[in-house]
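Next up: just one chain, as structure tokens, the form predicted alone.
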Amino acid sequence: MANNNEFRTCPDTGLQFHRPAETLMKLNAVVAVVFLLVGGILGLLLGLTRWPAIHLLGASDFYKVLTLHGIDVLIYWIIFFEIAVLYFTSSTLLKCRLATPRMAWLAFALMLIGAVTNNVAILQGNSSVMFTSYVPMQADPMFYLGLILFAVGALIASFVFLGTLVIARAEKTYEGSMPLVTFGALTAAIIAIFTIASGAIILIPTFLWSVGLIEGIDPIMYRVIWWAFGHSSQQINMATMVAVWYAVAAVAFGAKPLSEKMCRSAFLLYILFLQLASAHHILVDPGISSTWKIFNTSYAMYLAVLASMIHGLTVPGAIEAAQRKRGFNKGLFEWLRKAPWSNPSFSGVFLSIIIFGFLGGISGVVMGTEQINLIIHNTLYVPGHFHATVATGTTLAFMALTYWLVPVLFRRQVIFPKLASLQPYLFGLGMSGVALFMMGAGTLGIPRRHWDITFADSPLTHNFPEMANALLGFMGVSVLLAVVGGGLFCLLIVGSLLFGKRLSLTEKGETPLIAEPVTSYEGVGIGKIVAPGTLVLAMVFLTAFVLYYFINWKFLSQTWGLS
């Protein structure tokens, strides 16, 4: 049984923090923000290089920075933060002691040592193999070893999370069903275990190959198994992001899902089908049957898409219903107009939902269709897509939660609140521009990884449409805006932790967004529709999706003319 002296109760929210878990949450979150800062600086260098008028970096530096940027923001920033979320959703939300704190410390140490080792290997200049690290390109052995150590640490942390759930159930620290937010985190942990196992299956042999103990690695086998790791790692992000959506909806509005069973079913669909989205990276690869490709991308993957659409409907639907219950029940959108848009915890999450759905979700389904994929595969469209999903949607959600956690977890007041209220809009607008202009350039055929699309000093040249240069210029301007927004976030969070007003551990401070739970939605809405505004937004999304989907089929028909 837990010792009550090991817990503290937040005076603002009533949440109970197990002190060992609290320390580990803080460390994982702080390290995550550090990697976000490093990754953002590297992203600025890449954006200024992709901008033809500036073209900042030379070829060797470009690929080194590209490798480091991809790994730091897609793996280290995201997963360090996710581990903090796992501990929060298990130990804190379930009022339970953290299972095996020593193992959790070992996990943190392995993750940190692995991340630093991997970064050092890249900076030494012998590992510019980019995020995908496709063989037969070979990196320094320390590159692979760093990733393996990090993955082992993340795996241990996932099992600590699962152990905490077992303890909570055994010691009956909560009543009834597991909270939906914790259920979403459990979904992320299950996907993480699958993902890390896939990484071990391919990265350990690749490490042995790099030190000369294995003669070679089959490139096709590598790509198939690596993408079960590389893309599925982004599915961990997706499940965690959705859990954060539900968490912020609860603390900001007291909102509960209109149908919790439906939400849990959607998370289950994630576990069963979400990893199949990895298939869109290997749709043009030989050695994989067309039957497998078509089934995964044209049938099974859509069950994961259905799950995302359910979450995209239920989160804003719950917010709308809660707002209407509080009196904002006029017309279709009074609930939205009078939402707390100046609070970065709400604005960050709502922007995350909109940008992830309209830019990331629609482009992901289009890119995952085998036939359409052929016109955008390996173009700048691909990073444009995941800059809309992970780099914008997931990052905005994590930023939003951080603003809430600074006073609750760290007991510090956020500095410069007016700047904080502006920050999600700067970052969201900048990153949306980055994603849109990347996808536009990719549609025109701009390659995904090419350092210089002007082919200066090259014996073989190719002339891309003039519009591509303009789109890359707009992308460069968007990068500047996104870096300002991201840098402002890092400044506000680090500044708040160092210089923000210290809040007492026992006395109430300036309370962050926290709302009394809404118990019933009876009598809200228009007619029998509880969330009519959300329904209208969903129809707008569906219309945009259908139009864009068939526009891409039109592009495909023009690519291969028949005579």
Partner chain sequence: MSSLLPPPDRIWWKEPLERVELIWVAIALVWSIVMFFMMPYWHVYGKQNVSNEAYKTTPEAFKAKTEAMVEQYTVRTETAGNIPVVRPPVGDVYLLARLWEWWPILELEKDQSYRLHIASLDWQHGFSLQPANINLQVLPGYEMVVTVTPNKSGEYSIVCNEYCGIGHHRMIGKIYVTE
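Positions refer to the first chain, counted from 1. All of these numbers come straight from a predicted model, not from anything done at the bench.
Form predicted in complex with its partner chain: not shown, discussed below.
For the three residues Asp140, Leu426 and Phe499, a heavy atom within 4.5 Å of its partner chain turns up in the predicted bound form in no case. Contact with its partner chain in the predicted bound form, defined as a heavy atom within 4.5 Å, holds for exactly one of Leu422, Leu488, Leu481, Leu93, namely Leu93. When you look in the predicted bound form, the only residue of Tyr246, Phe386, Tyr76, Phe350 with a non-hydrogen atom within 4.5 Å of its partner chain is Tyr246. Figure note: of the listed segments 324 to 332, 409 to 417, 127 to 135, 109 to 117, the one touching its partner chain in the predicted bound form, with heavy atoms no more than 4.5 Å away, is 127 to 135. Its partner chain is not drawn, but in the predicted bound form it has a heavy atom within 4.5 Å of Ala59. With a 4.5 Å cutoff on heavy atoms, Pro219 counts as touching its partner chain in the predicted bound form.
Although the partner is absent here, Val434 sits far enough away that none of its heavy atoms falls within 4.5 Å of its partner chain in the predicted bound form. Mapping the unseen interface onto this chain, Gly442 counts among the residues with a heavy atom inside 4.5 Å of its partner chain in the predicted bound form. Looking at 314 to 330, the one residue that comes within 4.5 Å of its partner chain in the predicted bound form, counting any heavy atom, is Thr314.
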